[in-house]
Ligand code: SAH
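Encoded as C-alpha cells, the following chain is the form predicted on its own, with no partner shown.
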Amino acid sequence: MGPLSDSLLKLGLPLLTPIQARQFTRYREELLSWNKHMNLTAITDPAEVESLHFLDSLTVALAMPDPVPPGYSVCDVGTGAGFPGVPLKIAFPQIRLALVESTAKRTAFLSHLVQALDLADVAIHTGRAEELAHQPGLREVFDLATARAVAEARVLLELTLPFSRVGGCAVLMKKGNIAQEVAEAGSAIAVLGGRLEEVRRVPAEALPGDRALVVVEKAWPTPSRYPRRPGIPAKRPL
C-alpha cells in the first residue's frame, strides 16, 4: 500500500484499486510531461504531486455522500490541470464530471488526459464560468460544484453555486484561519440561494496545512442575474 493509500485511510476514504493506482501514476506522468511545454503546475516533485495535487483534491470527497451513488454529478470550476475533478473521478468512477476551464491550451490537455486515463462520463467545457453558468444544460444541474482557485469565498461562491442544483452544494477548498472570510461571505451565500452547512477541517495527520472545506447547501434557486459578467465577481465581490 503506497503513501496515497495510507493517507486515504487516514481520511476515511476508500483505498485505491490497482487500476486506480495505475491511473494516478499515468496522470502524474502526463501532467509532468505536458508541463515541460506549457504552464500546468509549479509542483514538479512526484511525491508532492501526489500529496499537494492528488490527495488535496480527494479531500473534497469528505463533503460527498457515503457511499457515493452512481451518477452523482460534480462540476469543477476553473479546473486548470484537472484539480480536484479528475482525481475525484479516478477515485469514484461512478460520478459524472464536468470540467470548466477558460484556457483552451489547458482543455486540450484535459481532453488528452481523459482519453489517456480511459475515463467515461467526463464533459470538458472551455469558457468562463460567469458565462457557462447561464447555459441551460449546466445551470443548477449538479449535485456538487467545487473550485480550488485561490480567491475569496464571496467570489468563488458566485462562480460555483449557480451550477449547483437546489438540494446540492458548493464546496470551497480553503487553508488557514478562514473564520472572518466565511463570516464576510454570509450575505453572498444568502443572495445566491445558499445556506452555510459546515466548515469541515481536513485531518492534519492525512494532509497538513490547516486545510478546510467550506460546504454551502443550495437551498433556493440562484437569481438569474448571477453570476455577473466575466471579471465582475472578482472586481466587485458580493
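Note that residue numbering follows the sequence shown and begins at 1. Everything numeric here is computed off the predicted structure, so don't read it as measured data.
There is another form of the same protein, the form predicted together with this ligand; it is not shown, and what comes next is about it.
Would you mind picking the one in Arg139, Arg128, Arg154, Arg96 that has a heavy atom within 4.5 Å of this ligand in the predicted complex? Selected option: Arg128.
Partner proximity in the predicted complex: Ile124 to this ligand, non-hydrogen atom cutoff 4.5 Å: Taking the distances in the predicted complex, the answer for Ile124 is no, it never comes within 4.5 Å of this ligand.
Exercise: Leu113 in contact with this ligand in the predicted complex, heavy atom 4.5 Å: Result no; Leu113 lies far from this ligand in the predicted complex.
So, in the predicted complex, is Glu101 in contact with this ligand at a 4.5 angstroms heavy atom limit? Answer yes; at least one heavy atom of Glu101 falls within 4.5 Å of this ligand in the predicted complex.
Would you classify Leu117 as touching this ligand in the predicted complex, given a 4.5 Å non-hydrogen atom cut-off? Answer no; every heavy atom of Leu117 is more than 4.5 Å from this ligand in the predicted complex.
Counting heavy atoms only and using a 4.5 Å cut-off, do Gly80, Phe83 and Arg148 all touch this ligand in the predicted complex? Each of the three qualifies.
Using a 4.5 Å heavy atom cut-off, which of 101 to 109, 67 to 75, 88 to 96, 164 to 172 contacts this ligand in the predicted complex? Correct option: 101 to 109.
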